[in-house]
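Starting off, we have a lone chain in the form predicted on its own, written out as structure tokens.
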């Protein structure tokens, strides 16, 4: 009886890696010594400095698009709107702890931003919220009603749907949306098809479940209307909490060390063994 011959393994195609061996490949740009610094074909120092805003350059670096100033101004206002100097907020507590422990501002703020990279708050929910509204618009354009779209997000009939971009854990409504609506109006924007659908979904949720849109849903709808995809939206907003973290860091840093949220020994409910003699040989 002859055994089947072992098949010869095909050699791996290493062309992609060989092209990059010892070489940094970039579509973004870089510094050509003695010539210019480039970002997506624009000379940073000659064409952008003094002409484009920081947020225009941020969007350019993330997406490759040099957008109109009003788009960048809208995004800048979102950073203002979502970065509160309140040490009770999860990510800001990290900044306060960094200040009270005398870390550098870079360490404290970066740690606070990282703490906000959560599916529950910060910029990360924008990824899911943007994907939801993009998928929902496709379904609507294919003939589905708002009711049918919402029902797809229900785990069981009659239960509130689980839709990122709607409802809040600690408050009802969202005071940041009226503020950003005013900004949108001042910048000359009217809701596009994504944001219009987002408001239609909110109307349905308010009527049947008493749940409204949160700022994440509003941002996802608006930026989707500006032709940004979910990954781009998440990436552009990834540092959105940094100003609030920075404020809390500075306040703790300017106070005596270890004075942020100190604990007394009797604050701790110790339930272990009682004090006892340590035996020595």
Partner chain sequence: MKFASRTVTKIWEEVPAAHNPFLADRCRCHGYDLAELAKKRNFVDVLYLLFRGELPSPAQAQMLETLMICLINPGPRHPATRAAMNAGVGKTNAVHILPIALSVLGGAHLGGEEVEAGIRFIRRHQHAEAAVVAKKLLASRENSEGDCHIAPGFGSRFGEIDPVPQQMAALLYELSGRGKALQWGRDFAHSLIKEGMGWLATGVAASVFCDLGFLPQAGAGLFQLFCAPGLLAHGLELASPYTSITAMPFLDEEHYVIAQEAKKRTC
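Rigid core (definition): largest C-alpha set, two forms, superposition within 1.5 Å. What you are looking at is a predicted structure, and each value in this text was computed from that prediction instead of being measured. Numbering follows the first chain given and starts at 1.
Form predicted together with its partner chain: not shown, discussed below.
> Counting only heavy atoms and a 4.5 Å cut-off, does its partner chain in the predicted complex sit next to every one of 59, 61 and 156?
No, the whole trio is out of contact, none within 4.5 Å by any heavy atom.
> At the 4.5 Å heavy atom threshold, is residue 273 in contact with its partner chain in the predicted complex?
Yes, contact at 4.5 Å.
> Taking any heavy atom pair closer than or equal to 4.5 Å as contact, tell me whether residue 50 reaches its partner chain in the predicted complex.
Output for residue 50 is no: heavy atoms all beyond 4.5 Å of its partner chain.
> Check residue 42 for me: does it contact its partner chain in the predicted complex (non-hydrogen atoms, 4.5 angstroms)?
Yes, residue 42 lies within 4.5 Å of its partner chain in the predicted complex.
> Using heavy atoms and a 4.5 Å limit, would one call residue 244 a contact residue for its partner chain in the predicted complex?
Residue 244 lies outside the contact set for its partner chain.
> From the candidate stretches 28-36, 51-59, 225-233, 212-220, select the single one in contact with its partner chain in the predicted complex, where contact means a heavy atom within 4.5 Å.
Of the options, only 28-36 has residues within 4.5 Å of the partner.
> Can you name the residues of 78-104 that have a non-hydrogen atom within 4.5 angstroms of its partner chain in the predicted complex?
Counting only heavy atoms within 4.5 Å of its partner chain in the predicted complex, the contacting residues of 78-104 are 90, 104.
> Quick one: once the rigid core is lined up, does residue 22 have its C-alpha move by 2 Å or more between the shown form and the other one?
Moves: no, less than 2 Å.
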